[in-house]
Every structure is written in structure tokens, then in C-alpha cells.
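Next up: just one chain, as C-alpha cells, the form predicted on its own.
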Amino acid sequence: MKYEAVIGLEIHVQLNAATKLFCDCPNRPGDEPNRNICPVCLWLPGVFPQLSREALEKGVLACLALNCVIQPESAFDQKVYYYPDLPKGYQLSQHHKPLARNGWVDIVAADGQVKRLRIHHVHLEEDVAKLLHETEGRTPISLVDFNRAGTPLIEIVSEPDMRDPHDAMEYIKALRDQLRYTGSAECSLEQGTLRVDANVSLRPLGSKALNTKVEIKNMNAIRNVGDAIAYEITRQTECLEKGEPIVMHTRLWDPEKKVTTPMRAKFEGPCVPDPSVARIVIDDAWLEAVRQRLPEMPAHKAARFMDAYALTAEEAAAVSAERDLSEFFEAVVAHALPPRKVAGWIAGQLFSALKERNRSVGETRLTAARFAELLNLVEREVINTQAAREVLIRLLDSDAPLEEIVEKGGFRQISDTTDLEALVQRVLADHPADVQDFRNGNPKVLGFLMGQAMKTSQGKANPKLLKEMLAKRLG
């Protein structure tokens, strides 16, 4: 029998509001443990939580970016369960009346077709404290850090529309890009500001049934989400083929062994209306004011880039995925540089350099004007592409004039024909067998000799002139 996977994701996103959801403590979970705490986020008896207006606004902005319908009235419930990271015995969440419903994001599925994935609802909730498991001597101990307690979250619950790991990974990327554009969240799986739980079940191909699902946790990278889902599909398929029932439970993803392992039975505690937090009532005027703050979103911006700058779909998608880079792109193009060349440098060189250093362009010394100046040097053949890549790295951390960086680093391109002719003669003399191989009809040798010449010039030779001279000398 052939089976079809049914996948839904529950994604917690930490809102980057200045304070926690129900008190004025700083929203900085990474600070020294238990520094940002008060009676409210310690959940001491007798306190009254006050909802953060900023967190609500950022939550609504995020929901609008996900094409959700904001509910005119929402309210908090007590999600009851007991765990050491939740000493008051319940978490304030919106179970019965969530903030928003019926959203969607579009992805490109594995078959290349656009696929719309629905969002069931988005609700606000407070985060719980964080458990730290350490050892004291040989004794294992568990500590509790309350900095995270009360951090404002939205939980985004998808419909079970995904059918393979590709769908799930593209859904997370699309959702992350949308939310980052609004400025309401950082959305980093690695830093824990975006956390994904995946629900996976199988059904006979062609069936509409929703069968018993298994939840997977502990995935701190998008690639891990894809790998964990792929493993779980295989595991459940093998169980069904052996006649073993699928039991509802939660499993942990082990990224080193690349397996899921049983964690605990699935437990759903009761959710009862909370009497301490006022219900949220949103009127049309307030909602419209928040909607006006929504920026141009990635898909619209990519379409505009294709129209205004004649970028390909791939180029437009690459430079519009991150809001800061898309604005950087337009600022550089304003310096009268070819848009496709600028897009290629941003997507191919700058993006990689920033990713390696885990920084945004705004966290570097690089400005659009200096990046444009660098590309102008390449256009004028003052430096070649290889040298420009190295200069770009230096520009990330330096305010020194570009000409000074080029001269001090010896990056200026060798375009003098006398110098290049001497270089060509030297390389041909050093590789007589390869020269003969080329003249016997092997054209690939030209690439090898080009590489040797560039290496000898320490990457400074003008590659266009060098290739012309090499080809001429080889006959």
C-alpha cells in the first residue's frame, strides 16, 4: 500500500517587544540568569498581569503579514499543567478565542508549482521559564532561569496541508521572511526565537482521513525539520507495514544520530478562561492604523524588482528575501549601476559573507555608497572580481577610504600589456607539455594555464586581457 504524509506545524515565535507580555521586565532571555524578573513573571500569588500594548501591536502586525483575519475580540485562558518551569501551574494562552484566524502563505512546492498553505489560527501566549540541566561535582542538578518566563510569544498553528519535508521547510522559510519584514520578530531557530513542533501522520494515498499523529520536538535548524519529518515518515511507514499501530506521543529529534526517539505520552491539559487579564477588543480604526505600518512584503517587492529592474525571478527572490538587503539593493542601484550586476553581488558575495559572520548588513561598516564605489572599481577594471571579493570583506569592518584599502592591500589589477606579456611567457615556459597538449587539440588546457597565470600574479592580472594574450600566444 502507498501512503501519504499529513504534516502540520506549530511554530512559536518570540516577539521582540521591549518588555515581557504581562509586566515591565526587559524582554531579554539571554541576560544573566534570573536578572529580569518581578513578582508578576515569577507568578507570585496576588499579582495582576497587565497586557503589553507593544506586544499586542507586534502580534497583530505579524498576523497581518501572514494574511490572517484579526478577531474583533480575543481572550486569554489558563492552560493547566504542572512542570518545574511553570510553578503557578498554568500558562496564559489563547485557546478558545485566539488573536487571528484563517491565514496563509504561498510556497513553491517540489514540483515547481505555487502551493498555498493555510494557517488555522495565531494566538498570543506567555513563554515559560527555562530549565538548565547541569552537574555539581558528580551530582546532576536542574536549575530554573526565569528570564524567559513571560516572554511574549505568538503560536502559529498551520492546517495539515503539507505532504513532504520540502513543503515544511519552505513553509518555515516563507513564514520567517514575512515576519522579519514586519520587524516584529527575529525568527532564529538557532537562537530559539523561533521554535517548531511538527505533527506527522500517514494515511493511504487518496484517503481524506486524519489518522493518529506523532509530534516531533527539538529541531533547531530548518534542515533538521526536514530531516526529522523524513525520518518519521519512514519510521511510521515501517510500523504500518509490520501491522504495528501508531500511538500518539511526542518524540525528540537527535540531529547527530538523525533519528527521532520517544520523549513522553501526549498530554493535553484543560484550558479554562482566565479572569485576571482583560479581553482584547480591536476596533476597525485601531486595526487600520496597525495595517498602515505593514511594509511592502517580499512577494510584492520581488514582483516590483522584476518589473522595475528587469531582474529574473531567482534574482528578485534572492535580493528581496531579507528586508534590509532589499533596501540596500535599491540604495546601491540608485548609484547608476546595472541592477542585475548589483543583485548578483549581493546574492552571491555579500549574503554569503554576512551569513558566515552571522551579521546583518546594518551591523557592519558597509554602506550602499561604499558598496557602489567597489562595484564601480570592478566596472572600470581597476580591480578584478577576485580582488573585489577580498576588498568587500575588509569593507565590512573598516571605515578607511576604499582607494587606501586597494593600494595597501595591493589589489590594483595588472592591465599593463608589457607586464602581462612577461607573465604569459613565463607560464608557457614553465608548462611546455601542457602547451603541446593544447596544440594537439585539448582546449581545456587553456583554463589550466589561465589558473596558473592568475596564481602567479597573485590574483591581480586582468583576466580578460590575460585570456586574450594566452589564446593568441598558444596559436
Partner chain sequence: MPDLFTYRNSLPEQPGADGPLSGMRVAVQPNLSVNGWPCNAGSHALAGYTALADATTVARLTRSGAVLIGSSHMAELGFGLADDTIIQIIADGRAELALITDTMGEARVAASGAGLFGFKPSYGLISRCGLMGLVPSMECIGLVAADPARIGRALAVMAGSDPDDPSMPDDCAAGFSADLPPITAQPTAGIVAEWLEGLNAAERSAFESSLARLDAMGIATRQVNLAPSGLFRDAHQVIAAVEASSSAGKYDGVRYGHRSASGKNWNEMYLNTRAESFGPLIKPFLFQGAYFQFENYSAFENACRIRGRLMRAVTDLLAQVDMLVLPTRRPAHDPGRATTIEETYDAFGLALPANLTGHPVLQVPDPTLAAGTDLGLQLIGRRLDDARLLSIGRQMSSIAGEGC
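Small disclaimer: the values here were computed from a predicted structure and weren't measured. Positions refer to the first chain, counted from 1.
FYI, the form predicted in complex with its partner chain isn't displayed, but the following is about it.
With its partner chain left out of view, the stretch that reaches within 4.5 Å of it through heavy atoms in the predicted bound form is, among 384 to 392, 286 to 294, 217 to 225, 90 to 98, 90 to 98. Among residues of the shown chain, L44 is one whose heavy atoms approach its partner chain to within 4.5 Å in the predicted bound form.
Within 4.5 Å of some heavy atom of its partner chain in the predicted bound form lies at least one heavy atom of P39.
Shown alone here, M248 lies farther than 4.5 Å from its partner chain in the predicted bound form, counting heavy atoms only. Using a 4.5 Å cutoff between non-hydrogen atoms, Q425 does not count as a contact of its partner chain in the predicted bound form. The contact with its partner chain in the predicted bound form, taken as any heavy atom within 4.5 Å, belongs to Q78 out of T182, T193, Q78, S201.
Residue-level contacts in the predicted bound form: of C239, I405, A331, L131, one residue has a heavy atom within 4.5 Å of its partner chain, and it is L131. Shown without its partner, the chain has F146 as the single residue in segment 145 to 163 with a non-hydrogen atom within 4.5 angstroms of its partner chain in the predicted bound form.
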